[in-house]
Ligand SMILES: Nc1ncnc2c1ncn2[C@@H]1O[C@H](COP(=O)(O)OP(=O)(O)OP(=O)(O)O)[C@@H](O)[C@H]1O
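Encoded as C-alpha coordinates, the following chain is the form predicted on its own, with no partner shown.
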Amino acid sequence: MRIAVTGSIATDHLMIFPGRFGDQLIADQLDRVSLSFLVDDLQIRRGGCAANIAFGMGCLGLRPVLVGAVGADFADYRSWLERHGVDCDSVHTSEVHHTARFLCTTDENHNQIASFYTGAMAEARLIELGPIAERLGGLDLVLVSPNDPEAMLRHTDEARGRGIPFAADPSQQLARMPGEEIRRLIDGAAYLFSNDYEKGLIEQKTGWSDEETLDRVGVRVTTLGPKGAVIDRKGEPSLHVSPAPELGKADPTGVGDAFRSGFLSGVAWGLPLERCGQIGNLTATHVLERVGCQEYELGRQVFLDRFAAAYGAAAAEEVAGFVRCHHP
(Lines give C-alpha, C1' and ligand atoms only; values in the text may rest on other atoms or scores of the structure.)
Protein backbone atom coordinates (compact mmCIF):
# COMPACT_ATOMS: atom_id res chain seq x y z
CA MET A 1 0.00 0.00 0.00
CA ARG A 2 1.47 3.35 -1.06
CA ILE A 3 0.93 5.93 1.68
CA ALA A 4 2.06 9.56 1.40
CA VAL A 5 2.54 11.29 4.75
CA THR A 6 2.24 15.05 4.36
CA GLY A 7 2.92 17.52 7.14
CA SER A 8 5.58 19.26 9.19
CA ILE A 9 9.25 18.32 9.30
CA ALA A 10 11.04 20.04 12.16
CA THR A 11 13.70 20.02 14.84
CA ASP A 12 12.36 19.76 18.39
CA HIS A 13 13.85 21.71 21.30
CA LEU A 14 12.44 19.96 24.37
CA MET A 15 12.75 21.41 27.89
CA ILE A 16 11.66 20.19 31.33
CA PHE A 17 10.25 22.54 33.99
CA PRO A 18 10.50 21.04 37.53
CA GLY A 19 7.17 22.41 38.67
CA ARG A 20 3.56 22.84 37.60
CA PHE A 21 2.42 25.50 35.13
CA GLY A 22 -0.88 25.81 36.97
CA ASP A 23 0.89 27.00 40.13
CA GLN A 24 2.32 29.98 38.23
CA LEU A 25 -1.00 31.29 36.88
CA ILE A 26 -3.01 34.00 38.62
CA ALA A 27 -6.71 33.42 38.01
CA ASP A 28 -7.75 37.06 37.62
CA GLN A 29 -4.76 38.01 35.44
CA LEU A 30 -4.92 35.38 32.70
CA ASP A 31 -5.46 38.12 30.12
CA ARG A 32 -1.91 39.45 30.71
CA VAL A 33 0.29 36.44 31.44
CA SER A 34 4.02 37.18 31.57
CA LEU A 35 6.07 34.19 32.66
CA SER A 36 9.56 32.79 32.26
CA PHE A 37 10.30 29.19 33.24
CA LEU A 38 13.79 28.20 34.41
CA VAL A 39 14.21 24.72 32.95
CA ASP A 40 16.52 21.93 34.08
CA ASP A 41 17.11 20.18 30.79
CA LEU A 42 17.29 20.81 27.04
CA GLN A 43 17.12 18.07 24.43
CA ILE A 44 17.41 18.84 20.71
CA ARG A 45 15.68 16.13 18.73
CA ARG A 46 14.36 15.31 15.28
CA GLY A 47 10.63 15.92 14.94
CA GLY A 48 7.73 17.32 12.94
CA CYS A 49 4.42 15.47 12.69
CA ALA A 50 4.91 14.01 9.22
CA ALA A 51 8.52 13.00 9.86
CA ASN A 52 7.58 11.36 13.18
CA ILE A 53 4.74 9.41 11.59
CA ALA A 54 6.83 8.32 8.62
CA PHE A 55 9.70 7.31 10.93
CA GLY A 56 7.41 5.06 12.97
CA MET A 57 5.98 3.43 9.87
CA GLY A 58 9.49 2.84 8.57
CA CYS A 59 10.50 1.28 11.88
CA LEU A 60 7.59 -1.15 11.56
CA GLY A 61 8.84 -2.25 8.15
CA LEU A 62 6.89 -0.10 5.70
CA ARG A 63 8.24 2.44 3.22
CA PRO A 64 6.11 5.58 3.65
CA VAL A 65 6.56 8.57 1.36
CA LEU A 66 7.38 11.75 3.28
CA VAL A 67 5.94 14.95 1.77
CA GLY A 68 6.90 18.31 3.24
CA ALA A 69 9.26 21.28 2.99
CA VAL A 70 12.68 21.69 4.62
CA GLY A 71 15.75 23.91 4.53
CA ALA A 72 19.26 23.18 3.29
CA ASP A 73 20.06 22.07 6.85
CA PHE A 74 18.01 18.88 6.33
CA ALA A 75 20.84 16.69 4.97
CA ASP A 76 21.68 14.79 8.18
CA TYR A 77 18.00 14.42 9.08
CA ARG A 78 17.23 13.10 5.60
CA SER A 79 19.96 10.47 5.91
CA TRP A 80 18.54 9.37 9.28
CA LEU A 81 15.02 8.96 7.90
CA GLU A 82 16.19 7.12 4.79
CA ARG A 83 18.17 4.70 6.95
CA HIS A 84 14.91 3.97 8.77
CA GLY A 85 12.94 3.14 5.63
CA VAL A 86 11.42 6.50 4.74
CA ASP A 87 11.17 7.62 1.09
CA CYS A 88 12.35 11.27 1.12
CA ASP A 89 12.43 11.83 -2.65
CA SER A 90 9.30 14.02 -2.52
CA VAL A 91 10.58 16.41 0.17
CA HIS A 92 10.85 19.99 -1.08
CA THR A 93 14.02 21.91 -0.15
CA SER A 94 13.75 25.69 0.33
CA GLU A 95 16.51 27.91 -0.98
CA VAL A 96 15.95 30.63 1.62
CA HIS A 97 14.47 29.19 4.85
CA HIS A 98 15.67 26.91 7.63
CA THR A 99 13.84 23.73 8.55
CA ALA A 100 11.01 24.44 11.01
CA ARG A 101 11.62 24.51 14.79
CA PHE A 102 9.36 23.25 17.59
CA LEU A 103 10.12 24.59 21.09
CA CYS A 104 8.29 22.84 23.93
CA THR A 105 8.43 23.02 27.74
CA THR A 106 6.87 20.18 29.77
CA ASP A 107 5.99 20.43 33.47
CA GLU A 108 6.01 17.69 36.10
CA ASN A 109 2.38 16.81 35.30
CA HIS A 110 3.25 16.39 31.59
CA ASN A 111 1.40 19.57 30.64
CA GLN A 112 3.08 21.41 27.78
CA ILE A 113 3.57 24.96 26.50
CA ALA A 114 4.99 25.15 23.00
CA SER A 115 5.84 27.47 20.12
CA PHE A 116 6.44 26.59 16.48
CA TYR A 117 8.62 28.46 13.96
CA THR A 118 7.35 27.78 10.46
CA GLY A 119 10.51 28.37 8.43
CA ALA A 120 10.63 26.30 5.25
CA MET A 121 7.31 24.68 6.12
CA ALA A 122 5.57 27.69 4.54
CA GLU A 123 6.72 26.41 1.15
CA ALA A 124 4.85 23.12 1.56
CA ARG A 125 1.92 24.83 -0.16
CA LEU A 126 3.97 24.65 -3.38
CA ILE A 127 3.99 20.84 -3.41
CA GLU A 128 1.74 19.01 -5.87
CA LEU A 129 0.63 15.46 -5.16
CA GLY A 130 0.19 14.61 -8.86
CA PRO A 131 3.90 14.19 -9.67
CA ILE A 132 4.37 12.15 -6.49
CA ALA A 133 1.58 9.79 -7.49
CA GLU A 134 3.05 9.54 -10.98
CA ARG A 135 6.51 8.70 -9.62
CA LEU A 136 5.10 5.92 -7.44
CA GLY A 137 2.59 4.55 -9.93
CA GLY A 138 -0.30 5.85 -7.83
CA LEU A 139 -1.17 6.55 -4.19
CA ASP A 140 -3.51 4.49 -2.03
CA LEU A 141 -3.79 6.97 0.86
CA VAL A 142 -2.65 10.50 1.67
CA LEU A 143 -2.35 11.54 5.30
CA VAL A 144 -2.81 15.29 5.73
CA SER A 145 -1.20 16.01 9.09
CA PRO A 146 -0.40 19.42 10.72
CA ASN A 147 1.49 21.61 8.28
CA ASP A 148 1.29 25.03 6.68
CA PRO A 149 -2.49 25.59 6.62
CA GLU A 150 -2.52 26.42 2.91
CA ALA A 151 -0.59 23.22 2.23
CA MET A 152 -3.09 21.19 4.25
CA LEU A 153 -5.99 22.63 2.27
CA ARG A 154 -4.20 22.16 -1.04
CA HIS A 155 -3.29 18.52 -0.34
CA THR A 156 -6.83 17.75 0.81
CA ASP A 157 -8.43 19.39 -2.21
CA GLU A 158 -6.03 17.69 -4.60
CA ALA A 159 -6.52 14.26 -3.05
CA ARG A 160 -10.28 14.71 -3.17
CA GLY A 161 -10.12 15.95 -6.77
CA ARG A 162 -7.91 13.07 -7.90
CA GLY A 163 -10.01 10.48 -6.10
CA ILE A 164 -7.20 9.48 -3.73
CA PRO A 165 -8.43 8.40 -0.27
CA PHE A 166 -7.15 10.75 2.41
CA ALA A 167 -6.85 10.81 6.19
CA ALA A 168 -7.47 14.10 8.02
CA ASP A 169 -5.27 14.92 11.02
CA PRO A 170 -5.70 18.69 11.66
CA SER A 171 -4.78 18.45 15.38
CA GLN A 172 -2.19 21.18 16.09
CA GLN A 173 -3.67 23.57 13.53
CA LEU A 174 -7.23 23.43 14.92
CA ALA A 175 -6.61 26.45 17.15
CA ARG A 176 -5.53 28.56 14.18
CA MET A 177 -7.95 27.50 11.46
CA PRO A 178 -11.56 28.72 11.22
CA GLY A 179 -14.49 26.34 11.09
CA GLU A 180 -14.96 26.67 7.33
CA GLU A 181 -11.40 25.47 6.66
CA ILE A 182 -11.67 22.64 9.20
CA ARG A 183 -14.83 21.42 7.49
CA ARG A 184 -12.96 21.50 4.19
CA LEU A 185 -10.16 19.36 5.65
CA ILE A 186 -12.48 16.77 7.13
CA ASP A 187 -15.34 16.32 4.68
CA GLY A 188 -14.93 13.05 2.79
CA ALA A 189 -11.93 11.78 4.77
CA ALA A 190 -11.46 8.03 4.95
CA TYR A 191 -10.01 8.51 8.45
CA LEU A 192 -10.20 11.39 10.93
CA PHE A 193 -7.61 11.51 13.73
CA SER A 194 -7.76 13.66 16.88
CA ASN A 195 -7.39 13.42 20.62
CA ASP A 196 -10.41 13.77 22.89
CA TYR A 197 -9.92 17.51 23.45
CA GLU A 198 -9.47 18.14 19.73
CA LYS A 199 -12.62 16.12 19.05
CA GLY A 200 -14.62 18.65 21.04
CA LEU A 201 -12.85 21.55 19.35
CA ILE A 202 -13.64 20.12 15.91
CA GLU A 203 -17.32 19.90 16.81
CA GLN A 204 -17.33 23.39 18.30
CA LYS A 205 -15.62 25.03 15.31
CA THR A 206 -17.38 23.13 12.52
CA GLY A 207 -20.79 23.24 14.14
CA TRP A 208 -21.15 19.51 13.38
CA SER A 209 -22.32 17.08 16.04
CA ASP A 210 -20.59 13.77 16.55
CA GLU A 211 -23.19 12.06 14.35
CA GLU A 212 -22.91 14.73 11.66
CA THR A 213 -19.13 14.28 11.61
CA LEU A 214 -19.53 10.52 11.22
CA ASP A 215 -21.81 11.20 8.26
CA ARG A 216 -18.83 12.83 6.54
CA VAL A 217 -15.91 10.50 7.36
CA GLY A 218 -15.32 6.78 7.05
CA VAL A 219 -13.59 6.11 10.39
CA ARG A 220 -13.15 8.49 13.32
CA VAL A 221 -10.19 7.69 15.59
CA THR A 222 -9.95 9.50 18.93
CA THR A 223 -6.94 9.00 21.18
CA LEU A 224 -7.57 9.17 24.94
CA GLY A 225 -4.06 9.37 26.38
CA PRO A 226 -3.66 6.82 29.19
CA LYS A 227 -7.13 5.45 28.45
CA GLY A 228 -6.23 4.21 24.96
CA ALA A 229 -8.31 5.10 21.91
CA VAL A 230 -11.85 4.96 20.56
CA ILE A 231 -12.71 4.06 16.95
CA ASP A 232 -16.11 5.10 15.58
CA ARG A 233 -17.96 4.35 12.34
CA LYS A 234 -21.41 5.40 11.22
CA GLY A 235 -24.04 2.95 12.41
CA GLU A 236 -21.51 0.83 14.36
CA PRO A 237 -20.91 0.65 18.12
CA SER A 238 -17.84 2.47 19.39
CA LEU A 239 -14.74 0.32 19.63
CA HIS A 240 -12.56 1.06 22.66
CA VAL A 241 -8.93 -0.04 22.35
CA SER A 242 -7.19 -0.31 25.71
CA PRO A 243 -3.70 1.18 26.12
CA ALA A 244 -0.52 -0.88 26.05
CA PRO A 245 1.23 -0.82 29.46
CA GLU A 246 4.33 1.36 29.52
CA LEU A 247 7.64 0.58 31.24
CA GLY A 248 7.83 4.20 32.42
CA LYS A 249 6.97 7.75 31.42
CA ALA A 250 9.70 10.01 30.05
CA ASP A 251 8.11 12.56 27.66
CA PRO A 252 4.69 12.70 25.94
CA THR A 253 5.92 14.66 22.91
CA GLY A 254 5.22 12.73 19.71
CA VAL A 255 3.01 10.07 21.31
CA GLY A 256 0.07 10.96 19.05
CA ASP A 257 2.27 10.82 15.96
CA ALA A 258 3.50 7.36 16.94
CA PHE A 259 -0.08 6.17 17.40
CA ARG A 260 -0.81 7.25 13.83
CA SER A 261 2.31 5.39 12.67
CA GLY A 262 1.09 2.15 14.13
CA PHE A 263 -2.54 2.61 13.14
CA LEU A 264 -1.71 3.41 9.52
CA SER A 265 0.72 0.50 9.38
CA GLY A 266 -2.16 -1.76 10.36
CA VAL A 267 -4.30 -0.15 7.66
CA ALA A 268 -1.55 -0.74 5.10
CA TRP A 269 -1.45 -4.41 6.12
CA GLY A 270 -5.22 -4.73 5.77
CA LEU A 271 -5.74 -5.60 9.45
CA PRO A 272 -9.02 -5.07 11.35
CA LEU A 273 -9.48 -1.66 12.98
CA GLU A 274 -9.05 -3.10 16.48
CA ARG A 275 -5.61 -4.43 15.57
CA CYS A 276 -4.73 -1.11 13.94
CA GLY A 277 -5.58 0.67 17.19
CA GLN A 278 -3.58 -1.83 19.24
CA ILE A 279 -0.49 -1.43 17.05
CA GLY A 280 -0.94 2.33 17.36
CA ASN A 281 -1.15 2.17 21.14
CA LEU A 282 1.95 0.02 21.52
CA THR A 283 3.98 2.18 19.13
CA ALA A 284 2.88 5.26 21.09
CA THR A 285 3.99 3.61 24.33
CA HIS A 286 7.52 3.26 22.96
CA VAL A 287 7.68 7.03 22.41
CA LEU A 288 6.32 7.81 25.89
CA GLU A 289 9.21 5.82 27.35
CA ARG A 290 11.86 8.01 25.69
CA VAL A 291 12.71 11.72 25.49
CA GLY A 292 12.28 12.70 21.85
CA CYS A 293 9.96 11.57 19.08
CA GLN A 294 12.37 9.32 17.18
CA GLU A 295 14.63 7.95 19.90
CA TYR A 296 12.89 4.61 20.31
CA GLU A 297 13.71 1.29 18.65
CA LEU A 298 11.20 -1.31 17.50
CA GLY A 299 12.62 -4.83 17.60
CA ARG A 300 10.29 -7.41 16.07
CA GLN A 301 10.36 -10.05 18.81
CA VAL A 302 10.21 -7.55 21.66
CA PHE A 303 7.34 -5.73 19.93
CA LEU A 304 5.40 -8.97 19.46
CA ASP A 305 6.08 -10.09 23.03
CA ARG A 306 4.76 -6.80 24.40
CA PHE A 307 1.83 -6.96 22.00
CA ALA A 308 0.91 -10.43 23.25
CA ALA A 309 1.22 -9.31 26.88
CA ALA A 310 -1.08 -6.37 26.24
CA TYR A 311 -3.64 -7.86 23.85
CA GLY A 312 -3.25 -11.62 23.95
CA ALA A 313 -1.39 -14.32 22.05
CA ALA A 314 -4.07 -14.64 19.36
CA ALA A 315 -3.87 -10.92 18.57
CA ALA A 316 -0.08 -11.06 18.40
CA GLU A 317 -0.22 -14.05 16.07
CA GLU A 318 -2.54 -12.12 13.75
CA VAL A 319 -0.07 -9.24 13.35
CA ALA A 320 3.14 -11.32 13.45
CA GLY A 321 3.07 -12.05 9.74
CA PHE A 322 3.17 -8.36 8.90
CA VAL A 323 5.52 -6.72 11.40
CA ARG A 324 8.99 -6.34 9.91
CA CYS A 325 10.73 -4.07 12.37
CA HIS A 326 13.74 -2.02 11.29
CA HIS A 327 15.71 -2.93 14.42
CA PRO A 328 16.67 -6.52 15.34
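Remember, predicted model here, so these are calculated numbers, not experimental data. Numbering starts at 1 and follows the sequence shown.
This protein has a second form, the form predicted together with the ligand, left out of what is shown; the following refers to that one.
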The ligand in the model of the complex: contacted by all of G254, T285 and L288, heavy atom 4.5 Å | yes
Only one of 225-233, 71-79, 85-93, 150-158 sits within 4.5 Å of the ligand in the model of the complex by heavy atom distance, namely 225-233
Would you check, heavy atoms only and a 4.5 Å threshold, whether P165 touches the ligand in the model of the complex?
-> no
Close approach of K249 to the ligand in the model of the complex, 4.5 Å, heavy atom = yes
Looking in the model of the complex, any heavy atom of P243 within 4.5 Å of the ligand?
-> yes
Is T118 close enough to the ligand in the model of the complex to count, meaning some heavy atom within 4.5 Å?
-> no
